[in-house]
Every structure is written in structure tokens, then in C-alpha cells.
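Only one chain is shown below, in C-alpha cells, and it's the form predicted on its own.
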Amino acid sequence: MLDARTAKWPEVKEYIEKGCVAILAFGAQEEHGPHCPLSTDTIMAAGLARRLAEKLDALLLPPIPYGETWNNSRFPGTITISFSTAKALIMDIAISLKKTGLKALIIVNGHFGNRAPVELACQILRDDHNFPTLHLDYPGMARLAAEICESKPAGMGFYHADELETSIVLALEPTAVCMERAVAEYPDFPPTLGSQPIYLDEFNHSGVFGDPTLASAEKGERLLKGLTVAALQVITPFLDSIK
């Protein structure tokens, strides 16, 4: 693995000549309850991206620390970028990589709001730039949560500042978590959620969706190992297709 944050350009040149791919974590800066850091999504995505880069001997790019977080933007500390900015970031980074000879980009997305702009960017990069991209959004997460976590999720496929996310941050950056502040909250989801724009603070007080009090670093490590395996099962056929 080559970490682009500390690499020198001749080292990157050598990696490109070996035919490596680049891996980019796309996170966010948004509330994650009173106990988890605002950078939770970035910590998680960057942690998984690093493990994948190590397995693939890939070029690990610096993570994007901001995402499209409009629905949490009334919680202090949350910083949101627009849909168009999120898409443009992926486009510009990918086109720059292609110019230097990188053969493909793998995006590890850590935030739900980034999904749509990333997917659109990947479509444009394929059709207009002939540049292969793969968008990973924590494959296998629901299955792993059911196997490892003791608490139930607040909603189907909805994991936010809960046992799952808190456990993963405890495994990656334990000093960033204040478990003594962890509280459980299972809010009533509005029936129009997903059908109209709704700020999450309209129906959630703490910013927690689920029960983080049962989180542990041991569970987080098991989750990360499982997510790594599941992601590699998606990456392998992608890499085979671009050989």
C-alpha cells in the first residue's frame, strides 16, 4: 500500500507503472449524537479504505472529510456541501487520476447523503471519460449488524450513532468516543421521510438512532473484518473486468 498523504511523486509513478488502483474514502462532518465525533463517517470510511488498500496494495488517497449532510445541518458542528459539489469532487479527482495513468478508482462511501452524487459521477466517468470507478457503500453491513450487534436498528438499514457505528469508531479511534455520554433513542420516523426533505432534528432529540450503549471495540473490529471481506468480494470481479 502507498499512502498518498506522505508519498512522493516518484513513488506514485512506480505504483502507477505496476498497474495499481486508487482508493478514496468519502466521509462527512455531521452530528453523531453526544458521544461520537462529528467526523464519524470519515473515520469509518477511511478505516475501511485503509484496510482495503493494504489488501490490494493500492494507492490510498486522503479522505474527503465533508459530505452532503443537509438533513443534519441544524445540529451545530455539521457542515454540508451541495449535491453538485459532492459530484464535482469525485469527477475532478477521478479525471486527475486518469491523467496521471491510474487505471481505476474505488470509492468507499461513509455517508448516505453522498450516494446519489457519487453514483451520478460514476456514470459520467464511465460514459464520457471511459474511466472505471467502483462505488462501495458498506456491502454486507445489515447482515453483519444482525450477527454482531445486540441492539436492534432504529430503522431498516438505518445505522447512525448507534451500536454499530460507535463500535467501529471505538475500534479505530477510541479516544474520540465519550461512552459516558452515550444515550439510546428510537425516534418515530415520519411517514413522509424519504419522500420529502425533512431535517432530522424535527423528530430526533439526541441525534442517535438506536442504542450505542452496548458498543465495544471488540464488536467494531469484528464488523471491520466482515466489511473488509464483503467489500473484497465486490472489488475482485471489478478488478477482473478491467484487466
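Residue indices: 1-based, along the sequence shown. The model shown is predicted, which means the values in this text are computed figures rather than measured ones.
The next section is about a form of this same protein that is not shown, the form predicted in complex with a further copy of the same chain.
In the predicted complex, a further copy of the same chain sits within 4.5 Å of a heavy atom belonging to residue 178. When a further copy of the same chain is considered in the predicted complex, residue 216 lies well away from it, no heavy atom lying within 4.5 Å.
Under a 4.5 angstroms non-hydrogen atom cutoff, a further copy of the same chain in the predicted complex lacks residue 183 among its neighbouring residues. Looking at residue 56, you'd find every heavy atom of it more than 4.5 angstroms from a further copy of the same chain in the predicted complex. Counting a residue when any of its non-hydrogen atoms is within 4.5 Å of a further copy of the same chain in the predicted complex, the hits in 1-25 run 4, 5, 6, 7, 8, 9, 10, 11, 12, 13, 16, 24.
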